[in-house]
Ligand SMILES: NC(=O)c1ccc[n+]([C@@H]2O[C@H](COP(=O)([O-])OP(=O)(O)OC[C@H]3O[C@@H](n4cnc5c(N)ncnc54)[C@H](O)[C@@H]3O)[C@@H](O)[C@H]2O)c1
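Heads up, the chain below is alone and in the form predicted on its own; it's given as structure tokens.
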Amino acid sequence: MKENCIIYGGAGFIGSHIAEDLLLKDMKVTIFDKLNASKKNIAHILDKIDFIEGDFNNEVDINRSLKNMDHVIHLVSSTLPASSNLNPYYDVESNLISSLHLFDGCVNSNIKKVVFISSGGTVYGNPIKLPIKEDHPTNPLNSYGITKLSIEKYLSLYGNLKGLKYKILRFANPYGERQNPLLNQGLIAHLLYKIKHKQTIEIWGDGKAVRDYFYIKDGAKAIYRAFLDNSGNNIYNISSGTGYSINQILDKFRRVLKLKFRVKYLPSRKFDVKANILDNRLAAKHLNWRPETSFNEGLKNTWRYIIDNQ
């Protein structure tokens, strides 16, 4: 008998790839997303899934959606790292408190396991040592990272007090097909979109900031492996384990994709960390998960999608 899983925030870039992978694993997939959410990313699988429109801030909607579910994937975020500091009250109200309602519902519905997609790019803050391991000190520099970390801590509390089983996957910087290039998140898709439309690329700072980028189709496979994981470890970095500066990525655009473009450098932002590379060896050990797609191949796939769809 197929196991039922529900993906909260599943109509977006990351959720659509997770849904695809879980369908391949022969799971019954339900996506929960906001009213009138775009179904563009999941149009190709709509006939294979159930879709629930609802309000993540509404306890009644959440509790109804959990009926007959075995597993929960929590992807919802109403804010972005770059803008979250503008209204931290909204960040807490719409993300943290709503997550607590979800966890209560999971306990009451006897959910087998919750997988929370956290932010490996923001919860650690400026690193003391690279690559960053899961036990590295956490000192986020923006409200987005603080809220993600708070949700992690409360999930751990629910595990300790109420027996809720969970896994936390700290995603580095995913990229790939279907990432929205118009959001202030997702550097690679954003830059490629600008190049396609012959717009000047604007870079905050000197372009030396280093990030860890992984191909989303690889990262999506970690969720099912987290369902299966019975180890005592609950937090995993999901990453490529390799860092690229923005300038190095621009060079990849020129050499691998053969693109030409203009670049304008802007003043740096206070909340941007200088370097973020995540150690993914714990995921390799306990989840048997490793990135499979080379950066160059992932770039080519992403560029083809931008050309055809954006």
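All values derive from a computational prediction rather than experimental measurement. Throughout, we count residues from 1 along the sequence that is shown.
Keep in mind the form predicted together with the ligand is missing from the figure; the text below concerns it.
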Among the candidate residues 189, 223, 155, 117, which is the single one with a non-hydrogen atom no more than 4.5 Å from the ligand in the predicted complex? 117
If we test each of 57, 63, 248, 268 for a heavy atom within 4.5 Å of the ligand in the predicted complex, the one that passes is 57
For the three residues 11, 33 and 171, verify that every one has a non-hydrogen atom within 4.5 Å of the ligand in the predicted complex; reply yes or no. yes
Do residue 77 and the ligand come within 4.5 Å of each other in the predicted complex, heavy atoms counted? yes
Could you tell me if residue 179 has a non-hydrogen atom within 4.5 Å of the ligand in the predicted complex? yes
Give a yes/no on whether residue 144 approaches the ligand to within 4.5 Å in the predicted complex, heavy atoms considered. yes
Does any heavy atom of residue 15 come within 4.5 Å of a heavy atom of the ligand in the predicted complex? yes
Go through 107-115, 191-199, 171-179, 227-235 and give me the stretch that gets within 4.5 Å of the ligand in the predicted complex, heavy atoms only. 171-179
Within 4.5 Å of the ligand in the predicted complex, which residues of 185-200 have a heavy atom? Give them in sequence order, or say none. 185
